[in-house]
Structures are given as structure tokens and as C-alpha cells.
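As C-alpha cells, one chain now follows by itself in the form predicted on its own.
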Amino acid sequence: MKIITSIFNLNKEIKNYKNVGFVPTMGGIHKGHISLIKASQKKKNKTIVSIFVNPTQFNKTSDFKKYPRDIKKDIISLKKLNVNYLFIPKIKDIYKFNSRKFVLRKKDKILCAKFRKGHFEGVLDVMNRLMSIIKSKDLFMGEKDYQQLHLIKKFLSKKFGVRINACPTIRTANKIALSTRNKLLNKKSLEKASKIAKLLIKMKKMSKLHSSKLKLDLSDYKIELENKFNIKIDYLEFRDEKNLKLNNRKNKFRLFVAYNINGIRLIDNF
């Protein structure tokens, strides 16, 4: 595996991106990332993984600083997977050139965009920059961050002529969606997260089997979960898979949730 830290060396090393798949990450490599890498390796001759903790998508400087980082462990994991290239750029290199400023419309300010002001503008900004540097035609991303996936498809896929390969969410045996942020949770919080995930998986199944018995308005369930688990839920909503509009469950839909547990914000969809 070749570790590249500068844009100049990246361009020198990779002159033809036709057969290179791109897996963008913020590190903390886990089985979710591994599934993306394997999907790329199956489809493309070579794979490049980036590790860049992007400061502009964090709402608080404290969250950016405490985001789990272990680059040595990540390198060991990626070498075992036979990744061809690892790109670890510096903040000053990514943000040294001017880039388009993204503004979300009112219809896009839903779910996490409603509760995390500026977050997705930061995500779109950095992905625009990374995709300008890494000219792969195949991007591999997980469905756990479904709104992120949706917005990158909407704003960037046509611009760069890139296929966005969406890969299923990987879960632990206890049904928790894998996330680098999980490392910030203690044992008790992880147990709570497991119970919440199992209940919401059950709710999604129930909504498909008995749609008439489950109200579209989930406000009562939201309050019930908050009281039962002592958590703060930002949203709990059924939304259309294709356009993320509030769903009447006639089209293909998902159940989206975001909640705070002991100061750590978790998102998921089922």
C-alpha cells in the first residue's frame, strides 16, 4: 500500500483513474468501511482510501477535537486489506484552493440538515474538493449516512460524472449501526443503543406489515422512547427512499432517526 500525503504526489502516482475506486473516510476504520473497500475491490482494479477529518462539517470545535483518531491502527487495517493507495491530506492542502459554496434549499433542510446548521454544506464542500483531486468515476459510500449519500448524489454525481455506489449499513450482532463515533460510548450507552435499534427495526417491520395500525405521525413514539431510555431525539420520521419527502408508506420508504445519548449524537435508518 502506498501512503500519499500531498496532492502533487497523488497526481504523479495516479495518472489514470479509470480503474480506481474511491472510498472517502474520516478514519476509525471499522467493518462498515471494510465493506465499502471490498465492494470497490470487487468492481475496480485498484482502490484509493482517503482519511481526512473535515473541520467544516462539525458544528462545534470540541466535537472536531474529540472525534476518534488512530491513524497507525487505520494504516495496519488498510494494509491487511491490500488497499492500493491511502491518501492522508493536510487541512491546508484541501482548503488552499477556492471552491463552490453550497447552499441548501428549504426542501433539503430536513433531518440532520435541520438540526446541524452548516453540516452538509461542509460535507458537500469537502467532497467537492476531494472529488476534484481524486478523479475516480466510482465512489463507494455507506447507506448509514443516507441523507449525506442523497445530497452527494444530487449535487455532485453529475458534475463529476461519478457513480455513487451505495453499500448497505453494517451492524453489530446487537443491531447497532457501525460508526466511528461508537467508540465514544460507554458500555451502558451501547446497551441502550442496541435496545433502541432493535425496537426501531421492529417498528419498521410492523409499518410494512400493518401500515393501517401504525400512525404516520410518530410524535407519540418519539416521546415514549425519550422517556424510556432518557435520550433526546432530534427526529423520528418515515421518509421516501428516493427523494426523502415525508412518506405515506405507499412508496419505498425508510425510518430515519437521530438522537443524543450521553452527549454523543447517533443517526440511523431502517
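Residues carry their position along the shown sequence, with the first being 1. Predicted model only: the values in this text are computed from it and were never measured.
FYI, the form predicted together with a small molecule isn't displayed, but the following is about it.
Would you check, heavy atoms only and a 4.5 Å threshold, whether Leu36 touches the small molecule in the model of the complex?
Because a heavy atom of Leu36 falls inside 4.5 Å of the small molecule in the model of the complex, the answer is yes.
Any chance Ala177 has a heavy atom within 4.5 Å of the small molecule in the model of the complex?
So Ala177 counts as contacting the small molecule.
Taking heavy atoms and a 4.5 Å cut-off, does Gly21 contact the small molecule in the model of the complex?
Taking the distances in the model of the complex, the answer for Gly21 is no, it never comes within 4.5 Å of the small molecule.
Within 4.5 Å, heavy atoms only: does Met26 come near the small molecule in the model of the complex?
Taking the distances in the model of the complex, the answer for Met26 is yes, it comes within 4.5 Å of the small molecule.
Could you tell me which one of Thr169, Gln147, Ser77, Asn84 places a heavy atom within 4.5 Å of the small molecule in the model of the complex?
Looking at the other structure, the residue within range turns out to be Thr169.
Among Lys44, Arg239, His30, Lys222, which has any heavy atom within 4.5 Å of the small molecule in the model of the complex?
Going through each option in turn, the one that passes is His30.
Contact segment among 128 to 136, 193 to 201, 169 to 177, 94 to 102, judged by heavy atoms lying within 4.5 Å of the small molecule in the model of the complex
Residues of 169 to 177 come within 4.5 Å of the partner.
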